[in-house]
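Before any questions on how it binds or moves, here is one chain, the form predicted alone, in structure tokens.
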């Protein structure tokens, strides 16, 4: 197969972790006889510095010509004081809008060899295997924003069609898994959540009668994620709630450095990225964990290129590297030898064979 994969390293640790994922993708291409063209583009703070735009036209062109996009991270304290519309994060929001990726898929599973890296007790972590489906292009992040000296406003808006399309993604995933969807909202307070729950109650029984549906308020969901995480199969929720809950869920797996994500639309073009941020405090120090980005590359192969065996090979190689004792600082426990970003990438390559 010949395919173009746009690489957007971004800010902070983004260039370091994407470099390791690119190494793995090149190894997969050689091993399975593919040809991956991987042009790079600027996004976020580095794009703002270079072109005065967090998502310049040159990057948009690279992404529009690609079968999929692999992203590192954006943002950092260097750009905290720039105007809202020019912040690095606005580049990411614009990229999502250009690709029309409305469903963010975040798998959360506990690897037994890393159970000790989580602050949660081992018996609670047993059997944890869930997917969080987060609506990605609506809600408060994309709503009208106003700011004066003494007040600020962020508008949260959802339409029925925006809710329906992300529910269908969640329902389809649940049908292939354990058949349960947990819808998370704040319907006791918010009108957008009341609409969300209404649409869930209409669509799910009609289109997915074989799927069990549970409703949770977002504050209760945050509690239950830590008290009974193994009970969840597929969680579906709106943009901001999903952003917060998946960062919380990363503690089940031990570290944000272990969790990949895929942002999908109705077609095959997708955006793939680790759920962690730019971590400027360790940028350039060869300390970041590249596993989430490497596994995001595996999701890219599976969802955008339909290369299932290749995706399985990457995920198996990451697991084998961990079984072999490879540990970056974020997942190391007492007595473990800590290795760097590049060394972890090399450990995955070695396991890949």
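Note that this is a predicted model, so its numbers are computed, not measured. Residue numbers count along the first chain shown, from 1.
Heads up, the form predicted in complex with a small molecule isn't pictured, but that's what we're talking about next.
Only one of 141, 208, 79, 102 has a non-hydrogen atom within 4.5 angstroms of the small molecule in the model of the complex; which is it? Only one option qualifies, and that one is 141.
Name the single residue among 120, 275, 216, 203 that comes within 4.5 Å of the small molecule in the model of the complex, judging by heavy atoms. None of the others qualify; the residue that does is 275.
At 4.5 Å between heavy atoms, only one of the stretches 187-195, 166-174, 89-97, 227-235 reaches the small molecule in the model of the complex; which one is it? Partner-contacting stretch among the options: 89-97.
Against the small molecule in the model of the complex, would residue 243 count as a contact residue? Criterion: heavy atoms within 4.5 Å. Result yes; residue 243 sits at the interface with the small molecule in the model of the complex.
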